[in-house]
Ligand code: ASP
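Listed next as structure tokens is one chain, alone, in the form predicted on its own.
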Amino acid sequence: MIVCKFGGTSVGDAEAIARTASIIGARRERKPVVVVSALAGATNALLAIAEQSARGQLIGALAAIESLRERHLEQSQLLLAADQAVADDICAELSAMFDELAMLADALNTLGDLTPRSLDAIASLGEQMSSVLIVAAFKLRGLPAVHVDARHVVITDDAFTRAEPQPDAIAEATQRLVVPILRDGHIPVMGGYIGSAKSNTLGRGGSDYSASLVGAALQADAIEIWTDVDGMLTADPRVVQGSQLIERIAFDEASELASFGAKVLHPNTIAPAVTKGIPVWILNSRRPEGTGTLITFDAPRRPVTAIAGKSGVSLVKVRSARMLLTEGFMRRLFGVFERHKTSVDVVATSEVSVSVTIDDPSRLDALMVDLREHGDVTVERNRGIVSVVGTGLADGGKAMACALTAIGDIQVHMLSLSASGINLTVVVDGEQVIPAMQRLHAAFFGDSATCI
């Protein structure tokens, strides 16, 4: 049994969904469970509709709803043209969902307050719509698809926008609701991203996470993440020319790359698969014949496997003489970040100071107020992170020395080697992220690579 997750671009229109049906048709003997994202761009559109409505811009929000409705209905007609009765039924079901969306927008306009709960209620509609449409498309192409409501399977806590999955409850629900469908020779299809508490969500990129959670619960033979790129590459091809496909990569390397900027994979995806030792494939739905990338425990040990980078990072520095020989100081300091629900990426310490990077600055002002109780606080905005990742990075130190040489005269604000020794991270000015990535990639992977 395998779990196949299709991202937004893989179900973006009628043509893409037809390709998805062909991919699943070729995998029927492996008992696929299908997890789908919303149509490409739909989630962003839904979030914008929610924000417009809460700001009192109801006319604009309703116009956006009608535009999104027309897109879904148009693709439905194209996809289901072989059976007009089926097309009419699906269009009616989708229209009912858009009517619900319009009512939610009207309610938000009246209240003028966009709560996490109302945001999730709107955002989750994208996957609900796409999964209904895809089941109909599969059936029309001879695939025995059965719709499964993800809200009954991906059991979470009651949090909104960042729901926390409950693995034991998910395992029980999959055995009760999904396994019987597989035993009957059918293909379960569900939306990703959605949790169980009144249509809460797992956060952006949550469809990958849903697939991994379901795969772990079913102890699948493999999890396939179908996207619009050939797999994981040695760097983001949009910023680094000559990026190369990584055919096989270790779980911990893939997890580090996802956390530090690799767009092809959501950071949370790997964790459930690692727990169960389930291999994860990254494949291109536009070129299903490609080899893709296999993420597994059994991968080559390389000094450097890939380069990742991201901008829009804030660097927070706390300096306090009280740190010196004081028990519990770090626990109290990081307790502040926990209270403000702000995650920390990179950490560096000295005798009397701590520096951390954060991605989400939305709670930064309130965070600084509490941090000042522990010492002098400074914040440097518009920073970026560049990471050099490889399981053999720390072997002998040659690769790390070469990486620092390649960076050259680019100013480094912070430097950190991960506890596992597979990730060397540098914090630079935001506008220097791309030049740093390009220099590092040329040094390790270029035609005239000096760090081989």
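So that there is no doubt, residue numbering starts at 1 and follows the sequence shown. Just so you know, these numbers come straight off a predicted model, no measurement behind them.
From this point on, the text means the form predicted in complex with the ligand, which you will not see here.
For the options I49, I385, A38, V389, the residue carrying a heavy atom within 4.5 angstroms of the ligand in the model of the complex is A38.
Distance criterion of 4.5 Å from any heavy atom to the ligand in the model of the complex singles out G205 from the list G205, G375, P279, P303. Screening 52 to 60, 30 to 38, 65 to 73, 401 to 409 for residues having heavy atoms within 4.5 Å of the ligand in the model of the complex returns a single hit, 30 to 38. By the criterion of a heavy atom within 4.5 Å, T425 is excluded from the residues contacting the ligand in the model of the complex.
Looking at 373 to 390, no residue comes within 4.5 Å of the ligand in the model of the complex, counting any heavy atom.
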